[in-house]
Ligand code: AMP
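Quick heads-up: it's one chain on its own, the form predicted on its own, in structure tokens.
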Amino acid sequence: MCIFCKIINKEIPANVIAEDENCLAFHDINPKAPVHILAIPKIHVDSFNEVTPQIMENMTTFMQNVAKEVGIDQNGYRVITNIGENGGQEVQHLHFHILGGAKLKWGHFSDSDPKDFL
């Protein structure tokens, strides 16, 4: 069982901020922004490559509500999901990073030279 499934089953504590019958949102333990929340479906899906339209429909509405709940919906926020090893996915359970609370930079690739990846 993956770590996010254990959080869903309340086997591991998390700082939960929102929950419904399909989704769960909690603060990231290694935040990269003033607001950094992870939103996950309550059923195990390995990654975005396996997600169904119905799950995404639930996740979309849920994430929009989370952004409103934490007060970042009006000033802006970023939603990111990493897919696979090369995409930086560390936990094999679909999750979305909701980042906000400040003017976010695109720092991850800001100093990268595309030739380094060719």
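As the structure is a computational prediction, the values presented were derived from the model and not from experiment. Residues carry their position along the shown sequence, with the first being 1.
As for the form predicted in complex with the named molecule, it is not shown, yet the points below apply to it.
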{"property": "Full three-residue contact with the named molecule in the predicted complex, heavy atom 4.5 Å, for 23, 42 and 62", "result": "no"}
{"property": "In the predicted complex, the residue from 38, 79, 70, 55 that sits within 4.5 Å of the named molecule by heavy atoms", "result": "38"}
{"property": "Touches the named molecule in the predicted complex: residue 5 (any heavy atom, 4.5 Å)", "result": "no"}
{"property": "Partner contact for residue 34 in the predicted complex: the named molecule, 4.5 angstroms, heavy atom", "result": "no"}
{"property": "Contact of residue 30 with the named molecule in the predicted complex (heavy atom, 4.5 Å)", "result": "yes"}
{"property": "Any non-hydrogen atom of residue 51 within 4.5 angstroms of the named molecule in the predicted complex", "result": "no"}
{"property": "Residues in 57-95 with any heavy atom within 4.5 Å of the named molecule in the predicted complex", "result": "82, 88, 89, 90, 91, 95"}
